[in-house]
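Only one chain is included here, represented as structure tokens and corresponding to the form predicted alone.
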């Protein structure tokens, strides 16, 4: 399913390394997504080269911007079909990965496929604003990431409550990252975050990508995150 030559070219160029077993698992995961996509809307991207660039390589690019130490607790918010979370777990199986989504059918697919690959991520079937209030998830993660979920301002409110002080929120964005950041300045400050860097990259076949790295420097006030309707109606300005 994946374009192995394109993946190997990217790995060489980026300095990342994956063994043959990991590449095989990525291929099997991609195949499972393609098969399930016949009966469930997981992705509009089905051509192998495009799938490899926009899902697999794009997910792996996070590893060039954020340090993922062995044993790190990682949360993928709004994981959907498992991107970037499942790709990260295949590449770095020593991490403690949690996948959060509000759609049970997608999580059921991930659970079944992960089991077939010998992986065991934690599956969290909740909305982000609900899970972010729960003691077992609030400020417990070293790295929280989200890809194609929401604008940066609202995303900070959904994601920063999960990040422990000293941890990192990595927002995976497209070409308009700078504009989104300008809107998110107040939210970042109120929620305990601080921009520590932006990794800009051009992925062949996927275009411009930006990974915004937010360091958690203080605890998030308990009133956040608010219900999603309130976030949409009264965003932090």
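Small disclaimer: the values here were computed from a predicted structure and weren't measured. Numbering follows the first chain given and starts at 1.
Another form exists, predicted in complex with a small molecule; not displayed. Remarks below refer to it.
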message = Given the stretches 163-171, 88-96, 141-149, 109-117, which is the single one in contact with the small molecule in the predicted complex, using a heavy atom cutoff of 4.5 Å?
response = 141-149
message = I have 188, 191 and 224 flagged as a candidate spot, so tell me whether each of them has a non-hydrogen atom within 4.5 Å of the small molecule in the predicted complex.
response = no
query = With a 4.5 Å heavy atom cut-off, would you call residue 127 a contact of the small molecule in the predicted complex?
reply = yes
query = If you check in the predicted complex, is residue 101 within 4.5 Å of the small molecule, heavy atoms only?
reply = yes
request  = Evaluate residue 121 for contact with the small molecule in the predicted complex, applying a 4.5 angstroms cut-off between non-hydrogen atoms, and reply yes or no.
outcome  = no
inquiry  = Residue-level contact is defined here as any heavy atom of the residue lying within 4.5 Å of the small molecule in the predicted complex; does residue 137 satisfy this criterion?
reply    = no
